[in-house]
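Shown below, as structure tokens, is a lone chain in the form predicted alone; questions about how it binds or moves come after it.
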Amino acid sequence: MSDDRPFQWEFRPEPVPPETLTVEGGTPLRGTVPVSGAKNAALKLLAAATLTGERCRFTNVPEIDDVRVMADTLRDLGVVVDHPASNVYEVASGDVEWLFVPLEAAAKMRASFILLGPLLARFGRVIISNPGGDRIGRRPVNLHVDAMRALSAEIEYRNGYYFARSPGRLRGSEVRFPFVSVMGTENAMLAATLAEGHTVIRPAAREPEVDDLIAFLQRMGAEVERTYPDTIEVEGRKRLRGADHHVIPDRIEAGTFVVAAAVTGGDVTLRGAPCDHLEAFLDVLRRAGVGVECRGDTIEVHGDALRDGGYRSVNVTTAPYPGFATDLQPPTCVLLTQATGTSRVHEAIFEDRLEFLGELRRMGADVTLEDPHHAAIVGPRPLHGAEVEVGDLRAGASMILAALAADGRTRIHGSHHINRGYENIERKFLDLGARIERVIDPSPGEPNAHGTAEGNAVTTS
């Protein structure tokens, strides 16, 4: 890191304009929707490109805010990031001198911490802020730090930043986590690719996005493989080469649209869908009575049961892959409001992910939050339009589903969070027949184009 460049501690975040989605409910969704590339794969792939100075090219990258934040963060480091076409990114990491990932990036996106492993492994030092991201409970990064230390890194924590350095190459070792951590696994794996010697990571996360990252690293010339379901082994190399990669489809987006079709009693076909990545989720929906058929990369959803007597209550427990994904718990809760009987939800991953149920209650749902990890949902209950507020990505998308199923108009405040992880979500819903409108909220008292202070509609049905 250059000594003549001043280190800036002051945090001046770029304001994100708040948005409101207005949804008119009561219309069954019908049609075909394409599934975009996976957010949780694309972000890690962009970070992995810093392991080499050669150009890497990615296709099927989702056009979402989190990807834009990651691209801007890399550019601030001195990495060349080109965006030559929609859903295409090219990354070339030459001699990066400014190895500092600031609070601005971390406050917008927790995934910025994935840069710790590759930057430390390739350049031998990095300063990185404690991460931000969704407000869904404590998501400590001590597992990442401990993994780097296991690989011989020296790391100090001061004033909200981690100062990491490696005297020479990192050294391969056994990295043992106390529990499964997806990004912890990925950070350790990225660092180990350029470490000296052999690294064993266990228990290693089994998510499809982790295997997609492994496939890209192998194209770069890395010696990394999953030797057992919960074990990844890496033989470090001195250097890696550039490579091309097509991002896998987003299983969370696919699951969201599956529930959207079911909860509105519609009929929707998902193209480019990862059927084999959704087995636990689709099993729960089938037990609830949702008609779901998988054929190759196509999922067909039929909401006949909602029209012909309703869905059945089911119990849901989130778990690391191949279990039921925590990111699909919020949309599933919306579906369970229309199921006959009492459904119980155990959120085993995050302690605050059930808090959005309070907003669902505003719409008429019969939900009881028993503790931060357990909830009971009694149905079926008719939902009605209301004013609701969301504070994170998955809750925001789930409230769209509730609004689509509700009678009347719903205004979803804070819907800009949804832009972090869903590409063209309003356009996709509009193409399925939804009535949805996005409004960028002005500052208090600031008039819009109509001379009022209610906001500016930018998408109309």
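Numbers follow the displayed sequence, beginning with 1. Since the model is a prediction, treat every value here as computed from it, not as a measurement.
Not pictured, yet referred to below: the form predicted together with a small molecule.
At a distance threshold of 4.5 angstroms between non-hydrogen atoms, R110 is in contact with the small molecule in the predicted bound form. Mapping the unseen interface onto this chain, F179 counts among the residues with a heavy atom inside 4.5 Å of the small molecule in the predicted bound form. In the predicted bound form, N40 approaches the small molecule with a heavy atom inside 4.5 Å. Using a 4.5 angstroms threshold between heavy atoms, F350 counts as touching the small molecule in the predicted bound form. Screening V141, L285, A386, A339 for any heavy atom within 4.5 Å of the small molecule in the predicted bound form leaves a single hit, V141. A heavy atom within 4.5 Å of the small molecule in the predicted bound form is found for exactly one of M183, L99, V367, A243: M183. Only one of 304 to 312, 142 to 150, 99 to 107, 188 to 196 places residue heavy atoms within 4.5 angstroms of the small molecule in the predicted bound form, namely 142 to 150.
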